[in-house]
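Starting off, we have a lone chain in the form predicted alone, written out as structure tokens.
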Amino acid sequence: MLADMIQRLFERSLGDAAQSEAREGKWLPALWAEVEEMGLPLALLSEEQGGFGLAPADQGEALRLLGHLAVPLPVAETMAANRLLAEAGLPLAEGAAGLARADDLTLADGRLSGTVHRVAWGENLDCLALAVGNTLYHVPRSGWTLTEPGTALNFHPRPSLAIDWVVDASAPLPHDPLAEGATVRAFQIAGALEAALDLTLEHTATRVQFGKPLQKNQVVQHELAKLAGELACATAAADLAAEALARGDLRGVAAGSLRAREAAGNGASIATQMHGAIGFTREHPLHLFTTSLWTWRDEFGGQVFWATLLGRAAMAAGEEGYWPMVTEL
């Protein structure tokens, strides 16, 4: 039922004009108001925490849909930030929220200061769920100023925030925000890949060259199968990351996140190639998904971070422990 509600909301209110405004870095206040009215920012919370009490599979479906619909608002980030804040016993966001780790910030005389880089829609956030070391901070909008503007590959804002805030809301960190964010991005990647596959199937079925649809070409069929395979891998990888996050296993999050990120790059390349030059243009909806795939692939740790974590775990397991480690993931 929630999936149907999400689908109807964004199909009704997120048209080409709204996507064009978001590509220019503009906030969509009317759409965000509808998101809040539906209660989506609290969707990942238990009923006791004030949320929907969704089963893990339903949580993943909601996040996947946000990717499938190319939602140009920090809905997924707010959902993830609220889950982290709720688990830590900190106040929830009253509006949009960001999620970040910045271990180079300093705490002196009760004041937290430093810079958090490339925060999604940073200018429009109500608060930031910010991890420094083993502490989680609920940093309100008054606790930072914008320093460097920034833009992601999908054209959405990624400014840097200069934190200068007298701490009044902190708690021990329940789990790593990078793991939370990486898991959310894995589901969004799976959703965006599904949309890219749908568009590619439609294009190759209707585009005629040399007297027959592209889809009749054996080479094109092979590439479509590869794209479908990347979607299947990303979907399974997101589920793996979510299960690992629930049990606090960073190795599992790393494995799932890495495979989803690999699928993002491979899938975007195939979809773009199958569309030809039109796939690069703003006039075609494919770019909403390929640019998001490239953006999400590099956020919340990036491939190098998670590959390094997984590699170190494998080295630490040693010759006798390597295979048991792999089979436990």
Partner chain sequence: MSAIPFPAPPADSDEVLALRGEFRAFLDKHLGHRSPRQRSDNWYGFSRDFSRAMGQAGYLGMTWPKQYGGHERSAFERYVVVEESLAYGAPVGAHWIADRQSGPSIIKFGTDEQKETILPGIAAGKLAFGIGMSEPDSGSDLAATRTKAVRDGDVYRVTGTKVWTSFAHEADYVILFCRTSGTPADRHQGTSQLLVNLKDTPGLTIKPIIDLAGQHHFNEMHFEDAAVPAKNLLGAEGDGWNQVMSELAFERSGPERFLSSIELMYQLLEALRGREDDAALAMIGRLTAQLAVLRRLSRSVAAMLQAKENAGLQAAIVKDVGAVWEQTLPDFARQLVDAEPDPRTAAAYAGVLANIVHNAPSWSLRGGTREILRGIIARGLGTR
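Numbering follows the first chain given and starts at 1. Computed from a predicted model, the values in this text were never measured in an experiment.
There is another form of the same protein, the form predicted together with its partner chain; it is not shown, and what comes next is about it.
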Identify which of 203, 101, 259, 158 has a heavy atom within 4.5 Å of its partner chain in the predicted complex; exactly one of them does. 259
Look up in the predicted complex whether residue 148 has a non-hydrogen atom within 4.5 angstroms of its partner chain, and give yes or no. no
Is there any non-hydrogen atom of residue 243 lying within 4.5 Å of its partner chain in the predicted complex? yes
Quick check on residue 105: any heavy atom within 4.5 Å of its partner chain in the predicted complex? no
Tell me, yes or no, whether residue 87 is in contact with its partner chain in the predicted complex, where a contact means a heavy atom of each within 4.5 Å. no
Taking 2, 8 and 280 together, does each of them reach its partner chain in the predicted complex with some heavy atom inside 4.5 Å? no
Looking at heavy atoms inside 4.5 Å, which stretch does its partner chain contact in the predicted complex, given the options 169-177, 116-124, 213-221, 92-100? 213-221
Interface residues of 296-325 toward its partner chain, as seen in the predicted complex [heavy atoms, 4.5 Å]: 303, 307, 308, 310, 311, 312, 314, 315, 318, 319, 322, 323, 324, 325
